[in-house]
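Both blocks below hold the same protein chain, though in two forms, and each is given as structure tokens: structure 1 and structure 2.
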Structure 1
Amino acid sequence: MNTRQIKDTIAHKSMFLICLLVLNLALLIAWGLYRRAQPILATKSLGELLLNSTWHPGSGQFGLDGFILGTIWVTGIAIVIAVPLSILTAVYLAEYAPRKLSHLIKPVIDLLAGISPVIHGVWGVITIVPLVRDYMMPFFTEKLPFLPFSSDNYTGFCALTGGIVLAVMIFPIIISVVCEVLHTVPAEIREASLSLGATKWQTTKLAVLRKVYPGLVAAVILGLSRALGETIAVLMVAGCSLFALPKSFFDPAYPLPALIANTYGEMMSIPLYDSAVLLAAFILLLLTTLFNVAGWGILLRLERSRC
């Protein structure tokens, strides 16, 4: 073998190693977090940690219940707001809007998707917090008292605010996945439906959307996963104090990522504290990975079925 060949072989081997490393990165991260979370898992049962709502590190109480509830509230609100808006927008851009218009709008959405999460937080503090505090809260509390709207948190920093900001943050990902999925539908399907006398909306609803239904589910799952992990913006607007479990849209919510972020600095000073926080990170990793695998898996299967 000459030197060129040898170089090629060395490159081949080392590139393969790099691939292996990246392939195992997810496992490595999971293992690293799990190892750090182990001390607390050794002293307390998982049920005790997940179903107990008392969080008092000083006295060794590490109930994650409140944070899990907070996560559910905030991401739930975000999904309820974001899914219909994003899917309708994507359908409009892909099916209805003049080509020029959607070629103009889509880059703008993609561009704004790149804005830093902390900026979303700033925006939330400046616009959404007052909006919720001064208009939405009085309105909803008065007009719809039968829904869980009453709260004695009048600051505007609450689950609803967090949900709204999160919804705006996940618009772009849902829109882009749905648009991409819609583009894979062959034009013949639309033509066939239209030529049978269906209206455009009927075509969209009965032929196009039905065909890509799994893709829509994938888009929602990916959006959900993104919402689950968002940290800093939620930390800035959702209130994030834990005086009680959130029971209403206007109660402060304290989701898991915000907990992880907020405890930096103090967690090394109390025994097991860091372990509990890294357990929260581990749970977050598992959840988001689960959703991501599901989402990408669905999209891959869609792609395969097309080939």
Structure 2
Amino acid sequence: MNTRQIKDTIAHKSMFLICLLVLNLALLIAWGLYRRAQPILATKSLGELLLNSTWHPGSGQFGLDGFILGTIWVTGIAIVIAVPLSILTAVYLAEYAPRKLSHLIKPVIDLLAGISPVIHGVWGVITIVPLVRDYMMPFFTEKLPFLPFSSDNYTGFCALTGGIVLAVMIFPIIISVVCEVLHTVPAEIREASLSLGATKWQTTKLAVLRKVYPGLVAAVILGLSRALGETIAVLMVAGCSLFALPKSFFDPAYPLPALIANTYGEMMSIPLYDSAVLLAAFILLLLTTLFNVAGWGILLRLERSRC
């Protein structure tokens, strides 16, 4: 074997090992979190931890129910706001906008994705919090009293504020994925629909969107996984009260990522405290991994069907 072949073999094996290491990082992180969470799992049942809403580490109570509900409230509001706006924006950019305008807007959307989460949080504090406190809360509580809008929290730091900020943060990923998915539809499908007398909107709704429906679902799933893991921006605007379960859009919410960021490293002398926080991190990792794998799996299947 000559020198060139030896170098080629070494480079091949080295790159394979590096690739294997990168692929195993998620497994290593999950294993480390699970090992650190084992003490509390050995002491308390998983059902007791997930269904109990009392979080009082000093007395050995580590209920995660309130934090899970906070995560569901904030993420659910963000998805409800972001999905229709993002899909309609992507449809306009891919199907209706002139090419020059589309090429001008897409970099701006990508720039929005690159803004630091703490900037979104500061923007939420100085803009969205006063908007919710001074305008949205009085309007909804007076005009729509039958919906879950009544609350004793009048600060503006609430689940709705966190959801709005989070929706702005996940706009770019949903728009980008939906645009790419729409571009996978062959032009022949559009031409065939238009030749049969369908309007532009009928073609888009009944031919294009129906063709890429799995891709739309994947885009929403990827946006959801991003929303689940967001920390600092939500921590700054959601209220994060340990003693209240969110029952209204205007109640404070305390999502799991905020719990981990806000409490880890404090009061580690309390037994099982460290283990409980790392259990929350392990649960969050499992959820985000599940949604990411599902989303990319759907996109990969769509790409293969195109080929």
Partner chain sequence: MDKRKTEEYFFKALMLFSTLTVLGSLISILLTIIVKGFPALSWSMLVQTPKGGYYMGKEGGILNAILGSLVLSLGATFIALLISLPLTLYLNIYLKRNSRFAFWVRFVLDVLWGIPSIVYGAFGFTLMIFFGWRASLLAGMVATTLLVLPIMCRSIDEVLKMIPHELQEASLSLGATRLETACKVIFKQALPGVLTAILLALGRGMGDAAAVLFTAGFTDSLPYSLTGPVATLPLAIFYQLGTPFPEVQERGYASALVLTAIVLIISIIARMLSRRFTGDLGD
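Each residue is numbered by where it sits in the sequence of structure 1, with counting from 1. By rigid core we mean the largest C-alpha set that fits within 1.5 Å across both forms. The shown structure was predicted, so the numbers you read here are calculated from the model rather than taken from an experiment.
Note that the form predicted together with the partner chain is the one shown as structure 1, not structure 2. L286: CA moves less than 2 Å between structures 1 and 2 after rigid-core fitting.
CA movement of D8 between structures 1 and 2 equals 2.8 Å, with the two forms superposed on the rigid core.
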